[in-house]
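One chain comes next, on its own, written out as structure tokens in the form predicted alone.
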């Protein structure tokens, strides 16, 4: 069974979310704003508005409303990042605001979502994808009753967890064990990899880095230019010694963090001036200084060779997937 383009097979994920392609754009904090998420839906995939990036509940509600208007009939999702290091109490209120506006697609990341949140989403007719970075966490999520699991390997930009296993291996193992739909991510930036993911048993891929230079990303042109110029070796993992592994673009801030780690600094508070989200958002995304802030980014940055619309990028991925399928038939 294929989608309406006759190119990629329909999967349990495309059918559940009502999307054309098995391509999800995971929540990317401030960059996953209403314009980006709506564009992803219109392009045939599904994006997730990041609840944690809004200053308060009213701003979040307005963001959901704007995303829905911009998306038209296309679906949009909402991401709740659940941290073991901070307060998650506002999640329930934001969930209710999203449900009130008809959102049915949800992504959680970080710690296992509480049972009350899972039950409330299901009670309202929603679908929950939980993203994690270890097979044991995927098993726990399935046992807890989530509808889908997203499993990311060590290549993921952002927070891939402390593991050393690549996406392809984790995905192949998970496909043998899990009964619920499986989404894989980490280092995926071309259509050939999407076909490979489907071949190993996944129902979709989740991507982030590949979309960072798209027109709908609001960040400064200098930031996007740096991504176009970067290759697959342009990222580094930091904070592994603190149990908070973070894969970022290699820049001055990343080097300063790495130096502190190498010197034995294990107090996260000592890094606060360097890791401030405000620094990243203002200095880099807004003003274009790519040397400041920790900029989540994975090695799939090597696939970015130009700036273009999100729709064009998705169509490039689909074209690459078509060619890959033709080679193996």
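Worth saying up front: this structure is predicted, and the values here are computed from it rather than measured. Positions refer to the first chain, counted from 1.
Omitted here: the form predicted in complex with a small molecule. The next part is about that form.
Exactly one listed residue, out of 202, 206, 129, 78, brings a non-hydrogen atom to within 4.5 Å of the small molecule in the predicted bound form: 206. Scanning 36, 271, 285, 303 against the small molecule in the predicted bound form with a 4.5 Å heavy atom cut-off leaves one residue, 285.
Remark: of stretches 111-119, 228-236, 180-188, 98-106, the one touching the small molecule in the predicted bound form is 180-188 (heavy atom within 4.5 Å).
With a 4.5 Å cutoff on heavy atoms, residue 212 counts as touching the small molecule in the predicted bound form. Not displayed here, the small molecule is approached by residue 297 to within 4.5 Å at the level of heavy atoms in the predicted bound form. Proximity of residue 171 to the small molecule in the predicted bound form: non-hydrogen atoms within 4.5 Å are absent; the residue sits far from the partner.
In the predicted bound form, the small molecule sits within 4.5 Å of a heavy atom of residue 29.
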